[in-house]
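Take a look at this single chain in structure tokens; it is the form predicted alone.
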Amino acid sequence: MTFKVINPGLLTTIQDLGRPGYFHLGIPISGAMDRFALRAANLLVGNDEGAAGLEAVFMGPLLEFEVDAMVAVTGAILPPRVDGEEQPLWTAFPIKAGQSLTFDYLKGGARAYIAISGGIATKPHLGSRSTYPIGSLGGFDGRPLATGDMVPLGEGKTVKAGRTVAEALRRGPGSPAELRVLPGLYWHLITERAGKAFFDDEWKVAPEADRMGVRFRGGQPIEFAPREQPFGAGSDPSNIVDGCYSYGSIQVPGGSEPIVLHRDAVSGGGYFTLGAVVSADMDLIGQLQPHTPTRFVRVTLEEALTARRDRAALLARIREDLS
């Protein structure tokens, strides 16, 4: 059971929920940039939430199916079509053997998630099918999809077409997008004025944004508190003796443009991090287009944990509605 890639689109990769447990070895978790959207798409077609699907960036692929299947597309507003007939987003719809799945132009967001009943059944690497191109791990030969690829599918469950996620339960960034941030271990390295400006300023997503990190520009440069650089650190005030990076850490090389480290980011390095975007908001970053206005919002640890609980409750409501 397979589908054929006629046109891979701009950048389409196989992703699941990632490969945790290897970060200490320098291997990132990878997986879907918008985990919420992938989970929802899988639930719609009767898959396990962690099943592998497709992550399409800005432009959808053209796929030809060799088997009947149920499909759902979530995340970005990238309307799907079956043999030219438009299908609803965040809703399960059928496709028959011999039919083609195509997509209209992007109308919002950045990454669409395509779940297919049975899930994609490529060979797992370190417990995951997620594509990590830099390490040539997972996916289809460790790379994005290419024209002519025959992608295997697992055995799917029977579910009804028309199952949908209510609009009130769908997540996406607002305008301006708001990303909640918990200040971190190195916050003391910047001045009080710089810390205030970081949260007061409006930033914009830079074109230099990928699965490793998303850069922001437009706010005031970060001013560092006077200090003597420790032995082993670089000469730039943003340098530290090498430290570990958590998922969502915010680097500011040179103090000019914050970079939020995302799914394929390295696990450590010599730049300070002023804090981290809370886990509940990392999905939103996956849907930010270049030049999107963005504000960082300071939160406490308790507020970050509440945000995580709220996100989990939203997923629980989707599971309940689709059960």
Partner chain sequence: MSVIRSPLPGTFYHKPAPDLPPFKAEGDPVAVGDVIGLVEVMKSFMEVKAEVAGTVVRFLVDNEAPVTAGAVLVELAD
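Residue numbers count along the first chain shown, from 1. Just so it is clear, the model here is predicted, and its values are computed rather than measured.
Note that the form predicted in complex with the partner chain isn't included here; everything after this is about it.
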Contact test, all of 48, 92 and 161, partner the partner chain in the predicted bound form, heavy atom 4.5 Å: no
Options 205-213, 174-182, 218-226, 191-199; stretch whose heavy atom lies within 4.5 Å of the partner chain in the predicted bound form: 205-213
Sole residue of 276, 284, 57, 27 within 4.5 Å of the partner chain in the predicted bound form, by heavy atom: 57
Position in contact with the partner chain when the complex is considered in the predicted bound form, options 165, 137, 106, 151, heavy atoms within 4.5 Å: 106
Partner proximity in the predicted bound form: residue 305 to the partner chain, non-hydrogen atom cutoff 4.5 Å: no
4.5 angstroms heavy atom contact with the partner chain in the predicted bound form for residue 314: no
Touches the partner chain in the predicted bound form: residue 269 (any heavy atom, 4.5 Å): no
In the predicted bound form, residue 301 touching the partner chain (heavy atom, 4.5 Å): no
Stretch 108-125: residues contacting the partner chain in the predicted bound form, 4.5 Å heavy atom cut-off: 111
